[in-house]
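So this first bit is one chain, no partners, the form predicted alone, shown in structure tokens.
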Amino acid sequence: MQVGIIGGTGPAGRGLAIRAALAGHDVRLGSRDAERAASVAASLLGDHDYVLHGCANEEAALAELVVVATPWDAVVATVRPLAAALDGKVVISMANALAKQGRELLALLPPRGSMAGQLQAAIPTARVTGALHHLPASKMEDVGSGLRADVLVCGDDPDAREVTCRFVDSIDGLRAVEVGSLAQAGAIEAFTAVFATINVRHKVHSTLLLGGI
């Protein structure tokens, strides 16, 4: 699949980009600065022969499947100008609205209940799903880390959820778990604060693994 990652030069985007490319996808790593994106893509590739190249966010938005990997407070401003290019496409939201207080990360409540909801409102003709929220960026980028994680997937469009689950399952170490409509996104995103606080307190990179399923 051709996968575009909007705002992909940060830690979350880099880790997803290299693992998606390793899974055989044609990856467009997007950024406001196309030259920076090209530099980051080249550093991720090294001597490997994957299909991964850097580009402007506008080009990343033209891909078959699009992931929004910008920091949560820049999601709407970044994506709204790309609404026409994203019309009808599956767009994965992986943003979490968090604030640090002491040694804890606290979940913030966006006006529409979740960042996935904010994104869907900004690009109403796209098919937004929520996924990839609880993954430690450093272990994602290190493809030899032995990462194993379950990924919760939600969205209002059943076909979009299915596409998102297939994409997640294609990535080594990840298993998609479909959980229902976009109304679940608020709880999923908020729980990221728990993971982040565990990681800070115990100096680990924890992941979600569900038993019994």
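All residue numbers are counted from 1 along the displayed sequence. Every value quoted in this text rests on a predicted model; they were computed, and no experiment measured them.
We do not show the form predicted together with a further copy of the same chain, though everything after this point is about it.
Although the partner is absent here, L109 lies within 4.5 Å of a further copy of the same chain in the predicted complex, judged by heavy atoms.
Among heavy atoms of I198, some come within 4.5 Å of a further copy of the same chain in the predicted complex.
With a 4.5 Å cutoff on heavy atoms, E104 counts as touching a further copy of the same chain in the predicted complex. Among residues of the shown chain, R28 is not one whose heavy atoms approach a further copy of the same chain to within 4.5 Å in the predicted complex. Stretch 176-184 is the contacting one of 29-37, 46-54, 62-70, 176-184, since its residues have non-hydrogen atoms within 4.5 Å of a further copy of the same chain in the predicted complex. In the predicted complex, no residue of 1-36 lies within 4.5 Å of a further copy of the same chain by any heavy atom.
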